[in-house]
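Encoded as C-alpha cells, the following chain is the form predicted on its own, with no partner shown.
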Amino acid sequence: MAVRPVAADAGPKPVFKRPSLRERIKSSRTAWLYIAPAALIMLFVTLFPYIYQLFMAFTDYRVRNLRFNLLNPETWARYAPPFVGLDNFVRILTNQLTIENYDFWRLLLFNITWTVANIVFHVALGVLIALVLNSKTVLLRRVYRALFVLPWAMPGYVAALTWRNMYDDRFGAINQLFGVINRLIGTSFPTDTRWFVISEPPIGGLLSFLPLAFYAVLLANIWLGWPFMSVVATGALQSIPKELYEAASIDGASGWQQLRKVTLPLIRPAMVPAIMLGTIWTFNQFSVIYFISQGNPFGRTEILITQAYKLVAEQRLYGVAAAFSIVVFFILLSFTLINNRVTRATEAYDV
C-alpha cells in the first residue's frame, strides 16, 4: 500500500494588512498635486455649470432672475427664482409651452428620422468611396482624398450659410442649375422652388410628415458628414493584411464574398464607434438646421437642440431650457446605452 507523502509545514500564511485611508492619501499626495490644477479648472468650467443648470431646471428661471447670485444672500429674497419641481419637465413633455408650432413628440420623431437618414447615407457613402479609393488602379487617389475631406474640415457655420445661399429661390445655385438642365435636356424642372416655405410633403405615406425642406437640409448634411466616415473606413481598410485577400482568392472567394467575409468584419471595430459618435453629432447638428432652414416651414424641420437654443435666445425661458437640455441628454444617453448593448462597441472584438 502506497503511503501519501505529507507536505512540510510552510508556516503561517502572511496576513495582508490594508493600508489606512490616511496612509493612502499620504502615498498619493504627489499624484494629487499634479491632478489638482486640472481638477480645479474642470470644477469651475464643467462641473459647476452642470450643477447650476440642474438647479435651474427645477425653477421658473427667467430674465428677472439673472441678478440672482448664489454667493450673495442679499439677492435671495429679491431675485431668487421660484421652485417649481418637475413642472418644467411636465410642460415640455405634454406640450404645455406657449411657443408657436411647439410639439415635443413631433420634434423627437423628426430628430430621430433626421439622425437615422443621415447616418445611413454617411456610412454607405463613406465606406463605398473608401473602398474605391483603396484600389491601386485609381489614379490620383491622394488628390481625391484631400478634396473629399474638405467638406468635413470646413467650419460648419460657413458651409451652412453657403448651402443657404444655394437654396435661395431667386438667385440660388440649385434653382439655376435646374434652369441649365432644362435648357440642355429639355426638361421642365421648376426653377423658382421656395425650399423652406413649401409645407406640402413631396412624398406621401409614412414620410408625409417630412416637408421639402427636410430633403434640402438632408442633402447639405450628407455632403458635410460622409467624409468623416470615409476617413475612418480608409484607415481601417489600410490596416487589413493583404494576405487575407490572397488566401480568400486561393479558396475561390468572389469579390462580393471577400467584402462580406473579410472586409466588413475587419473594419467593424473601427466603424461602430465612429457611427456612435456620428449619431451624437448628427442628433445635435445645430448649424445645418438653424442656419439653413431655421426650422421652417412652421417649425417642421426643427430639432431638439435648435428648440432648446430658441428657448434661451428668443423666449428667455432659462429654467425650461435647462430642463429641456436635460431631457435631450437622457434621450441621447438611452440611445447610446442601447446602441452599445446591441453593437458591443466597447467590448473586445475577435474576427
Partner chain sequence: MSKKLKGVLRQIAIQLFLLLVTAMVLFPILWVVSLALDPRDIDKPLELRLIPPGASLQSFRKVLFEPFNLLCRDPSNPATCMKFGGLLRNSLLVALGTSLLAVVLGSTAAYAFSRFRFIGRQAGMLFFIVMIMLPTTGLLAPLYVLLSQIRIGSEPLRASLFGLVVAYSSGFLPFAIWNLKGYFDTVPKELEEAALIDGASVTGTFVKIILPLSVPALAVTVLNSFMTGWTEFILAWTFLDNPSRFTLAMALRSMQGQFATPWSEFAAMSILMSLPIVILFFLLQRYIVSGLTIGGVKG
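Since the model is a prediction, treat every value here as computed from it, not as a measurement. Residue numbers count along the first chain shown, from 1. Think of the rigid core as the biggest set of C-alphas that the two forms share within 1.5 Å after superposition.
FYI, the form predicted together with the partner chain isn't displayed, but the following is about it.
- Contact annotation: of the candidates Tyr102, Tyr215, Trp223, Phe89, the single residue with a non-hydrogen atom within 4.5 angstroms of the partner chain in the predicted bound form is Trp223.
- Only one of the listed residues (Trp152, Tyr79, Phe189, Phe121) places a non-hydrogen atom within 4.5 angstroms of the partner chain in the predicted bound form, and that residue is Trp152.
- The stretch from 107 to 115, 195 to 203, 90 to 98, 273 to 281 that comes within 4.5 Å of the partner chain in the predicted bound form, counting heavy atoms only, is 273 to 281.
- Taking non-hydrogen atoms only, Tyr157 approaches the partner chain to within 4.5 angstroms in the predicted bound form.
- Of the heavy atoms in Phe209, none are within 4.5 Å of the partner chain in the predicted bound form.
- At least one heavy atom of Ser325 is located within 4.5 Å of the partner chain in the predicted bound form.
- Contact annotation for Gln315: none of its heavy atoms lies within 4.5 Å of the partner chain in the predicted bound form.
- Along 30 to 66, these residues reach a heavy atom to within 4.5 Å of the partner chain in the predicted bound form: Thr30, Ala31, Trp32, Tyr34, Ile35, Pro37, Ala38, Ile41, Met42, Phe44, Val45, Thr46, Leu47, Phe48, Pro49, Tyr50, Tyr52, Gln53, Met56, Tyr61, Leu66.
- Residue displacement note: Pro37 has its CA displaced by at least 2 Å between the shown form and the other one (rigid core superposed).
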